[in-house]
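Only one chain comes next, encoded as structure tokens, the form predicted on its own.
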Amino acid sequence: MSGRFEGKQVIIIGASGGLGGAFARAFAKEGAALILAARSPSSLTALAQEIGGKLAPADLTDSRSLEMLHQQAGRVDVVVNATGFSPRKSLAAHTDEEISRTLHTNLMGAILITRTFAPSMSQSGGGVIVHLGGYADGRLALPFFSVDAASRAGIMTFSEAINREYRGTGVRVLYFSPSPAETETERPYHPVWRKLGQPVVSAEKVAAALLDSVSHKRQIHIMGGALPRVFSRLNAIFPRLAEMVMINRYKRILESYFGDGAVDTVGDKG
């Protein structure tokens, strides 16, 4: 019995992360031919030996590096951008380097990846580019996630614009918001998510949701149940009501963990 991605070539950028590795394993089980990409591809040797696939260097903030990846891959059916950088602290506590890295890794990376792969996908009949979002639709604007939220909201609106630009070509960009996952980098934040009422799920469950979203040709997929989807819509239409219903309570919780004087926290997605 063949898998859903039998005969498809899939690139996982950021395959060295907890989510990236789970995505790679899930696609491999479904028959995909994999290219596992990371800034240091030697970190992916064990994963490649486990599931198969080619290794490739990739710096998503460097267009030349992405073009070399593109040339190595040839035809690509799915590109998954499994990278991310997420400072969780007050704006005043952000360093210049953290601000720059957040915007370049999250937003600039998504733009450069899309610019590199979308045109050739269009010429070859279509393909899917997946970008990981933040909490909910990226525009919920949680306090103490300010710079990260700016980058994720940018990814969301950028994805909408590209889907309109490439409509009719078979190219699709998927904004995928994962639930907080059981990964090494996210584990320190599990108590916060649970206090916010968000379930922590396995990386495998996130991977299964991502593959389903790609298969069902979605442009947006928000994990976490009804709560983040409802509040995303509420915030878009009635932001002051969203503050009264939810955001003010969230602020008190987040301030206790990430406010000035709290532990300095910066996390990579994955």
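In case it trips you up, residue 1 is the first one in the sequence shown, and so on. Keep in mind it's a predicted model, so treat the numbers as computed, not measured.
If you look for the form predicted together with a small molecule, you will not find it shown, but the lines that follow are about it.
Worksheet item: Going by heavy atoms within 4.5 Å, which of 160-168, 68-76, 174-182, 122-130 lines up against the small molecule in the predicted bound form?
Response: Contact-bearing stretch, as computed: 174-182.
Discussion item. Considering non-hydrogen atoms and a 4.5 Å limit, does the small molecule approach E243 in the predicted bound form?
Written reply: Although the small molecule is absent here, E243 would stay clear of it in the predicted bound form, with no heavy atoms inside 4.5 Å.
Practice prompt. May I ask you to state whether S86 is within 4.5 Å of the small molecule in the predicted bound form, using heavy atom distances?
Written response: Within the cut-off, so yes.
Practice prompt. Give a yes/no on whether G18 approaches the small molecule to within 4.5 Å in the predicted bound form, heavy atoms considered.
Written response: Looking in the predicted bound form, residue contacts with the small molecule include G18, since a heavy atom lies within 4.5 Å.
Worksheet item: Within a 4.5 Å heavy atom cut-off, is T105 in contact with the small molecule in the predicted bound form?
Response: Contact check for T105: yes, within 4.5 Å of the small molecule in the predicted bound form.
Worksheet item: Between the options L34, L210, L60, L47, which residue brings a heavy atom to within 4.5 Å of the small molecule in the predicted bound form?
Response: Among L34, L210, L60, L47, a heavy atom within 4.5 Å of the small molecule in the predicted bound form occurs only for L60.
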